[in-house]
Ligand code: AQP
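Next comes just one chain, in structure tokens: the form predicted on its own.
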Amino acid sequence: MNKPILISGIQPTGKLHLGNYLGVLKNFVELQNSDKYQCYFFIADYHSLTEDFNTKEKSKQILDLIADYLAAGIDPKKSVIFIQSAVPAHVELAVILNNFTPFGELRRMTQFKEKSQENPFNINAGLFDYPVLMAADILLYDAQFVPVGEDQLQHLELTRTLARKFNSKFGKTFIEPKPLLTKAPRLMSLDDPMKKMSKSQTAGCLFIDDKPLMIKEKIKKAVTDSGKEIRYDPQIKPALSNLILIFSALSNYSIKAVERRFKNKGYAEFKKELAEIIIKTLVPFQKKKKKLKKQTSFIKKIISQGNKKANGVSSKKLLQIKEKIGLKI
């Protein structure tokens, strides 16, 4: 019996932080190792072009992200790892789907509105059309499941709408993918618990490549709340609650167990142990990544194999789609 297909990707736009590790990479590995799915994990480099980028840095970012995948535990023997731009069918299907995508559907996308407000000088057509390319990424592989955070649910719903619309017009062609909602914690900035952890705010961001000394320094400087009690309460103690969330996510402790562990103990002791558990998690990952980055030919071989597999599957699907709409002669 064939396993259901699952697909997801990450944009190569710079160093990943702890929130990315817990919310995406760790989740990818768990899904792969559950043995329930045939997993496709790709580098969403076309999507990354919607933001301002440095040409010289882009290829380095792609290789660095592949190293992140492998160091985290994504296994090319179990999953297909590929680069979006190496598979032409993605953009070809996006062009086709554009003709069935109502303008109004794209205009109401929350992420487009938010990113346009964040960067009013770079409101480009690629950002506006992002959800259609995302739909193509998914539909090409007959993916039944897509691991997403809540911020991507609207895009996935558009994918389902386009699949349904196409099927209604041309006959059963696409599978309507279902979301697999990630249960990852939403990590906030270490220096401002009202803002999400972001690589653009380096002081409050824990990068997965940060060295132990840097991790200790950032945790030591992390803001806390008034009072001495170590208690999880996002409303009254948002800064401390964020730190407790990190501790819980990286250990076998529930939030209640963390509270019990540090009952009658001070912030300094809690922060010291928190830094240690972060270091204990990230150092083995960093060592693997450092070793992998020296094996460029090995990484390129994995990508070549993944690209070949993805091209084989997607080109076959694209031919079927072209036949349905009368483009295959």
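Not measured: the values here are computed from a predicted model. One-based numbering along the sequence shown. Throughout, rigid core stands for the largest set of C-alpha atoms superposing within 1.5 Å between the two forms.
The following text describes the form predicted together with this ligand, which does not appear among the structures shown.
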property: This ligand in the predicted complex: contacting segment from 231-239, 93-101, 77-85, 185-193, heavy atom within 4.5 Å; result: 185-193
property: Of 226, 254, 168, 200, the one that lies within 4.5 Å of this ligand in the predicted complex (heavy atoms); result: 200
property: The single option of 212, 149, 73, 126 touching this ligand in the predicted complex, heavy atom within 4.5 Å; result: 149
property: 4.5 Å heavy atom contact, residue 10 to this ligand in the predicted complex; result: yes
property: Touches this ligand in the predicted complex: residue 306 (any heavy atom, 4.5 Å); result: no
property: In the predicted complex, residue 24 touching this ligand (heavy atom, 4.5 Å); result: yes
property: is_contact(residue 20, this ligand) in the predicted complex, heavy atom dist at most 4.5 Å; result: yes
property: Heavy atom within 4.5 Å of this ligand in the predicted complex - qualifying residues of 99-124; result: 115
property: Residue shift check between this form and the one not shown, rigid core fit, residue 116 Cα at least 2 Å; result: no
property: After fitting the core, residue 202 CA displacement of 2 Å or more between this form and the one not shown; result: yes
property: Exceeds or equals 2 Å, Cα of residue 159 between this form and the one not shown, core fit; result: no
